[in-house]
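Form predicted alone, single chain, as structure tokens, below.
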């Protein structure tokens, strides 16, 4: 096995070797750290660094042209995603937030990180917004109200590209409320659950479901 293929197994997922830190990356990381502190102090729910590292790795490996995120909040996970798109020199993120106040805060964070040029923020109920999106979508990250997961997936399935990744957060703590979603992805797609020890005030352990759309 070559070094570039080696994996470091941590916190419920495989994390590949991290890229060299650049000035641009350091700038983004400073904003991520600031947003993380704000979320912890709020509190404002976020995925936390362990899940975020895994999410970023998935984006890095997939090299998506279009990522859709449902649930922006203050932009924490979006910053991790957009940083990978920017580093790859291609791809864009459409992130959806129901709160106009939080959407404005997220926009300010993306701008401060120098990532706004690869991010489009849409304000509204994700179940309605996704109906108006055009595909193909190469990467979908769902992190909003648990009851929304299934209808969002149904509306976007035909817009997902072959080989697209679909990542759902909170499938540990919210499994019962998103049972319809989990039954569908586990029966229709190649899908598996990854668990993480979070060390966050609102939760110590949770999981993400990672599903691959057939080509």
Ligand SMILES: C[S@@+](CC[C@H](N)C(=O)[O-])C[C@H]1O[C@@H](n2cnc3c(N)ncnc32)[C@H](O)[C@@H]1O
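Since we're looking at a predicted model, the values are computed, not measured. Residue numbers count along the first chain shown, from 1.
One more form of this protein exists, namely the form predicted together with the named molecule; it is left out here, but the text below deals with it.
Q: Based on heavy atom distances of 4.5 Å or less, which listed stretch (85-93, 132-140, 111-119, 67-75) is in contact with the named molecule in the predicted complex?
A: That would be stretch 67-75.
Q: Classify residue 47 as contacting or not contacting the named molecule in the predicted complex by the rule of any non-hydrogen atom within 4.5 angstroms, answering yes or no.
A: Yes, contact at 4.5 Å.
Q: Using a 4.5 Å heavy atom cut-off, state whether residue 98 contacts the named molecule in the predicted complex.
A: It does: once the named molecule is placed as it appears in the predicted complex, residue 98 has a heavy atom within 4.5 Å of it.
Q: Indicate whether residue 106 is a 4.5 Å heavy atom neighbour of the named molecule in the predicted complex.
A: Residue 106 lies outside the contact set for the named molecule.
Q: Is the named molecule close enough to 157, 161 and 213 in the predicted complex that each of the three has a heavy atom within 4.5 Å of it?
A: No residue of the spot touches the named molecule in the predicted complex.
Q: Can you name the residues of 118-134 that have a non-hydrogen atom within 4.5 angstroms of the named molecule in the predicted complex?
A: Those in contact are 124, 125, 126, 127.
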